[in-house]
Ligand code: NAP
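The chain below stands alone and is given as structure tokens, in the form predicted alone.
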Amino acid sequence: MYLEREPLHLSASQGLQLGLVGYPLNKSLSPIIHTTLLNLCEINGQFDLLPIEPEFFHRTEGFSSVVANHPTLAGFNVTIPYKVDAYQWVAKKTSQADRIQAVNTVKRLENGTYIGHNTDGIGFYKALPEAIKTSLGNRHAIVLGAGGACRAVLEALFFAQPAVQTIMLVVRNVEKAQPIIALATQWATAVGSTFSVIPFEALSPALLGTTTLVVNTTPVGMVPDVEASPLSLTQLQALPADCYISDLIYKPAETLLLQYASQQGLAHQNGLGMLIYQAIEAFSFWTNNPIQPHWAKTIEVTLQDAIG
């Protein structure tokens, strides 16, 4: 069922109304991030969580019901499990949304229609250290998982300047991953990169030995399953010393995978930066406010205070 909420019914004087649609949302950090951004830009507004159970969402008119129940929404984020639904619903799409075929940011236009954008890929890319971004053209990447986040990561790596040299997608089930594989194959051809796919059990020490970027897009290691890692310590020991590890999980701040990386002396990052930068990109898309360099650090400090 739809979680009990009163429609916003706010007047224009009550400011910019933004929100997040998805399910579940009880652990979302988005209200903290966007309230911080509203304050930084001195914009009168609020950001609400709009949790909708999938059964109710698909039994009704989906996003049409969402905006009908919340008519003052100027824009909203979309998270699991509705990003593909949002892509199909919006009247217009940005090039990033069209490439990824999923939408995480929706903006209401002056004519009452909606445009969909995807900021996940740019958020992932912006969170990478400059040294990694500038060396992508020489890096051999392994991307773990084939979920929604995987699309954004692949798009970011293929369409970066420079584009990543090679990507090997490592999945549990190659057959189920076919939609993402088809997209990634097109992207690799378009930019002149090399792309391949293997199951997890085929990930050999020899393959790991040539890998210089690992991105985990799976939920393995996320709270509450903190004793799990998508790669073993033995597998990380096979990686070269200049390999960089990016885990999209941000809770816990240091997953078991990143603990293994620390033990091996491998540079690494969690997913908090991607979360922050994708939100900043969405906020700028909604408000047309130019992104300021200090926003990310201010949000990071605020989040660290909020989550301890």
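Note that residue numbering begins at 1 and tracks the sequence as displayed. Remember, it's a predicted structure, so these values are computed and weren't measured experimentally.
Just so it is clear, the following notes concern the form predicted in complex with the ligand, a form of the same protein that is not shown.
This chain appears without its partner; in the predicted bound form, the one residue of 92, 108, 172, 133 with a heavy atom within 4.5 Å of the ligand is 172. Contact annotation: of the candidates 198, 191, 115, 80, the single residue with a non-hydrogen atom within 4.5 angstroms of the ligand in the predicted bound form is 80.
Heavy atoms of residue 129 never reach within 4.5 Å of the ligand in the predicted bound form, leaving it off the interface.
The closest non-hydrogen atom of residue 157 lies beyond 4.5 Å of the ligand in the predicted bound form. Within 4.5 Å of some heavy atom of the ligand in the predicted bound form lies at least one heavy atom of residue 271. The ligand is not shown here, but in the predicted bound form it comes within 4.5 Å of a heavy atom of residue 147. With the ligand omitted here, the record of contacts in the predicted bound form names 273 to 281 of 41 to 49, 235 to 243, 63 to 71, 273 to 281, defined by a heavy atom within 4.5 Å. Contacts of stretch 242 to 261 with the ligand in the predicted bound form, defined by any heavy atom lying within 4.5 Å, are made by 248, 249, 250, listed in sequence order.
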